[in-house]
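The chain below stands alone and is given in structure tokens; this is the form predicted on its own.
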């Protein structure tokens, strides 16, 4: 598998529900599901139907919407959980069990052999019901790789559709992710999914390295919301892939990303961060004079991502002491004013001097330009 072939498992309706500010109503879940489906994600992952009676009903509702994407739900490695999930009508069941020594001791108390036996039993049951099945180890990067490979190879032999690697506590480095996925790719024939938390700030890099090493699926959430610091953000993954090659994400409705981010942000009671990937208010804002000059000549000089591909525009900030005369000239042209370069440079120096004394606005800059254009000087 290469970067040219991958699928997004969008988990805002599962991992995202674990965000401290999230309490989605059924109507909100439907809105999110439809937006993400329109964007083009390949899979939606829902909260376990065992979580609550409403979670069960919501899973049934979303599974019945007739969306283009596959509907998945996340469960413990138990037959009774699997049956409840299958009853909702989802397309696939994502099974998870902890494999690190910490989780085996303090969570479920099972040995690796017991985990394998249980996994084979539950996977066989799910497959017998005609439903796709993924098996994931929890806390994979604090687990012994030898244990992981034993488990993955055992479940691969019985025909699991996908195995999952989970950086549950965000401890992995990009190199560790690449190495583990690369080794696993040579050991199993099934698809490989990566789920990475962002506790140490590596979620996007780790997801990218997982794909580069041969993973086929990556879990994301809108704005990266989730348990603690969340997981790989949908927009961040799209930004990273677009920066590598815009063709990698051409299959998605990129202009819809802004609506998705703002909609979910409002639902969970947060602002879209000012420096958010692609949709943040400063994502395509340029300020320094040398940057502005180059951007005005050729946007590719300081932009690896084209805002127009996402239905957005760039903004050159000029009302400050760092402004340059090329940016001021561009503003004069926008206003339809005729000033020669000498006049523009004089106005620019006045703007810098004024900005040294107090904060100024674009209105202040425009006023100076109009006065010079009218022959009034400053």
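Positions refer to the first chain, counted from 1. The model shown is predicted, which means the values in this text are computed figures rather than measured ones.
Only in words, not in the display: the form predicted in complex with ligand HCA, which the text now covers.
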Looking at 21 to 29, 363 to 371, 8 to 16, 350 to 358, which lies within 4.5 angstroms of ligand HCA in the predicted bound form, counting heavy atoms? 8 to 16
Establish, in the predicted bound form, whether 296, 331 and 341 all lie within 4.5 Å of ligand HCA, using non-hydrogen atoms for the distance. no
Exactly one of 136, 276, 99, 88 has a non-hydrogen atom within 4.5 Å of ligand HCA in the predicted bound form; which residue is it? 136
Just give me the single entry in 217, 286, 240, 74 that has a non-hydrogen atom within 4.5 angstroms of ligand HCA in the predicted bound form. 74
Does residue 114 reach ligand HCA in the predicted bound form if we count a contact as any heavy atom within 4.5 Å? no
Would you check, heavy atoms only and a 4.5 Å threshold, whether residue 227 touches ligand HCA in the predicted bound form? yes
I'd like to know if residue 257 sits close to ligand HCA in the predicted bound form, meaning any non-hydrogen atom pair within 4.5 angstroms. no
Does the 4.5 Å heavy atom contact test between residue 143 and ligand HCA in the predicted bound form come out positive? no
Contacts from 156 to 177 to ligand HCA in the predicted bound form (any heavy atom within 4.5 Å), listed N to C, are 166, 168
